[in-house]
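The data below hold one chain only, encoded as C-alpha cells and taken in the form predicted alone.
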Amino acid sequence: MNRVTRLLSIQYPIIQGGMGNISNAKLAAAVSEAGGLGTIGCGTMSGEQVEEIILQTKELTDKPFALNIAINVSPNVDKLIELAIKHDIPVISLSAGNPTPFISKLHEHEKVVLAIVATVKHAIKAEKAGADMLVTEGYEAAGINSPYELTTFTLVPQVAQKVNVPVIAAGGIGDGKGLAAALMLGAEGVQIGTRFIATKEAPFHENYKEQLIRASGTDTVIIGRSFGRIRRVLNSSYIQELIEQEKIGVSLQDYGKFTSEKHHVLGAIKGDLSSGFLNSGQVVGLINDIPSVKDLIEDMIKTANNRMQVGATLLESIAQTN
C-alpha cells in the first residue's frame, strides 16, 4: 500500500483515464472490481446522461470510482460537481482547465481531488490550490493533450521533485514495464486509457479494438496544433482529410465541429471510420491482445514487480563489480 492506494481506497495504483462521451459503466466498474480506480469521463454529456452512467456503475460495483470533469470542455461543470456530491462519488479528477475554483467545495464534501497537469508550473499551482494528487500527463497520451508537448519520461520526475502530494504518471503507459518505469521516475501510480480500450469488458466497436491491435507506435498523429488544441488520434482517411483541411486554413469553428464528441462516438462506438475518429496514445504499439481488465491489471502488477527486482539485482551487481 502507498499513498495513492490508501487515499483512493483501492488495491492497485492504477487509474482509468477519462474517455469523454464514450465513457460507460461497464468498463469503469470492471477496472474498480479488478482493484484499480474506474473512471467516468463526462465529456460534453448532459447531467442527466452522466447521472445515468453513475447509477449503472453503482449497480455493477460497490468499489470506489471517479468522475472526470473536463472544465473547459463540459458546459455543465457546476451540475456535474453537484452530481458528484449527490451520489457520493469519492474521487473527482479535474482536467482541461483551472481546478482552483472547485477544489474547496469538493473538499467540503470530503472528495479526493485529482488535478491533471502537463507542466511543473501548473502542478505547483494545483498543489497550492489544494489538489490531493497530480496526474502528470505526457505528450504520448491519447485524446486532448497539452500544447507544451512534454513527454511523460521528462515530466514525471520534474513534477515529483517540486511537489509533496502524490504524483500519477499518464501517457505512454500500458503494461507492467511502464508501471515500473513510472514508479522509478517518482510517480506513485499510473493512469492509463488506450490500453483499457482493448479489453474484453470495454463496450467499444470491434473496429476500434482491431485498429489498436493492428497499429504500430507511429500510427498516431497530432491534429489541432495550428489552433493550440492538441489531440492525439489514430491515423485514418478521416483524419488525413482533416489534416489537409487544417493545412489550407479550416476555421476554428469547423475544426471544432469535425473533432466534436459526436464524431468521437461515431468512430469509437459506431465503428464508422469514414465519419468518425479514434483517440489513441503512442502506447498502441504495445497492444497485441484483448485480455480481461482483471488479467491486464494483475499482469501489470506482476510484471512491474519482476522488472523492479531485475533492476535492483542489476544495480547491485554493477555496484559489486565497481
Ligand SMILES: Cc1cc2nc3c(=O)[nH]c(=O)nc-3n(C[C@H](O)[C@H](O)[C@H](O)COP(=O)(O)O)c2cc1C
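Computed from a prediction, not measured in an experiment: that's the story for all the values here. Numbers follow the displayed sequence, beginning with 1.
The protein also exists as the form predicted together with the ligand; that form is not presented, and the subsequent description refers to it.
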Listed range touching the ligand, judged in the predicted bound form by heavy atoms within 4.5 Å, from 219-227, 184-192, 101-109, 126-134: 184-192
4.5 angstroms heavy atom contact with the ligand in the predicted bound form for residue 178: no
Partner proximity in the predicted bound form: residue 22 to the ligand, non-hydrogen atom cutoff 4.5 Å: yes
Contact of residue 57 with the ligand in the predicted bound form (heavy atom, 4.5 Å): no
Any non-hydrogen atom of residue 166 within 4.5 angstroms of the ligand in the predicted bound form: no
Partner-contacting position among 197, 80, 91, 242 - heavy atom within 4.5 Å of the ligand in the predicted bound form: 197
Any residue of 262-279 that, in the predicted bound form, places a heavy atom within 4.5 Å of the ligand: 264, 279
